[in-house]
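Next up: a single chain in structure tokens, the form predicted alone.
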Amino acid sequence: MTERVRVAVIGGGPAGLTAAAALAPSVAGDVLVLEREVETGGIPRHSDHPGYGLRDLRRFMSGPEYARRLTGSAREAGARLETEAMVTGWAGPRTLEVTSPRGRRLVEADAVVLATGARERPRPARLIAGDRPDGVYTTGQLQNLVHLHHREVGRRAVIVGAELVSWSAVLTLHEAGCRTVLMTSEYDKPEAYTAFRVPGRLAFGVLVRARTRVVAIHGKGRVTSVEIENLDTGQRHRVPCDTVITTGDWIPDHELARAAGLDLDEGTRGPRVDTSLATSVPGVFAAGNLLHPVDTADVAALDGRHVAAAVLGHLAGEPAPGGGVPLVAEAPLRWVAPQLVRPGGPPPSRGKLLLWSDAFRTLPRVTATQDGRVLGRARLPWPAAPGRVFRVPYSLVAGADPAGGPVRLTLA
């Protein structure tokens, strides 16, 4: 069985739902959102704390409320939301293989938006040695257990990581009656903003240790302790606990992008896109944290709104853009998104390039050069730091010569 739709959106999180809400009123035909979970909403659905909706909805709400709001907006706009629908592969450039409790089928679309998001690396991917007891979760698994399934966790937790999402884990553990006894960071100082870190430490009494890492987890049946290493001295000691949360260290859910043969970026590991969020395959677009693992949910949602213009242009028969100037992030910058500037193309969402830094800079200076020529330079009032996306004005690269070489972005 083959179903035909005008637009297929893969992923029912903030980016996918917002893209569907923006597209459905303007598209003659079905806009179908395919979501593998039992409900749409993505990660905010089980992040039961405030802080969502600021940039896209101009509101301050909890994650579940935000997820419901985006779901309602997509439905009211006329999009069709199908849950428990897993896209398992491609049967053509824009034909999807879909499996659900209702059976298997093909979905053929005139345009596809990939909005599959990102996930935290679990313990095995971080190569943490030791036993294999229960009680080791990512933040997403923890929040799913506590907020959706109302399961108990332990009483003493160690968190691997000290970025913003790590404090989200602290809130969830607190609600579940579990005390966070230690938070570790391999960096010189914790990655989260001071505005989150200091109140968090005062409110929950969390001990945060920089330049440390968890090198082993111990316990038979259940976690009983972790082994901590000081990265400067090499000294190790054990911390008793019954729960370990691995936070941050994001990787995009890029399996479908790889299966489709899209060009991928070595830094983000997501699809390479231009400023309109078009991928290397005509008619296939991408949005959200699949492209920049990982930014806040409202920024992902704004990506979904931004991609709609390019999708509508494709449906109207506009030719796929060609050429373009690559953007290259140089160390200590790890990646930049989007990665391609096309002559005459639109600016990126919010007029900002998104970058990731592996080093702290309080008042960072970013320079864009092309073939040895300085295109733009700016000292920014907001810091660059590991563990959070660093935003840079697009104006720095807007004057790139379309016939020139790559534009290189450096951080000082």
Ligand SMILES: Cc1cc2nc3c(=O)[nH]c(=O)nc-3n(C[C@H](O)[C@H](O)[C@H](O)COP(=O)(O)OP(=O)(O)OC[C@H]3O[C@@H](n4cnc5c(N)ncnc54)[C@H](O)[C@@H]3O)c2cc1C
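Everything numeric here is computed off the predicted structure, so don't read it as measured data. Don't overthink the numbering: it's just position in the shown sequence, from 1.
Missing here is the form predicted in complex with the named molecule; even so, the following discussion is about that form.
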Pocket accessibility after superposing the named molecule in the predicted complex (3+ atoms within 2.4 Å of backbone/C-beta): open
Residue stretch of 248 to 256, 126 to 134, 270 to 278, 224 to 232 approaching the named molecule in the predicted complex, non-hydrogen atom distance within 4.5 Å: 248 to 256
Using heavy atoms and a 4.5 Å limit, would one call residue 64 a contact residue for the named molecule in the predicted complex? no
In the predicted complex, does residue 24 come within 4.5 Å of the named molecule, counting heavy atoms only? no
How about residue 356: is it within 4.5 Å of the named molecule in the predicted complex, going by heavy atoms? no
At 4.5 Å between heavy atoms, is residue 384 in contact with the named molecule in the predicted complex? no
Let me know the one among 86, 309, 148, 207 whose heavy atoms come within 4.5 Å of the named molecule in the predicted complex, would you? 86
So which residues in 1 to 23, when you check the named molecule in the predicted complex, have a heavy atom no farther than 4.5 Å from it? 10, 11, 12, 13, 14, 15, 16
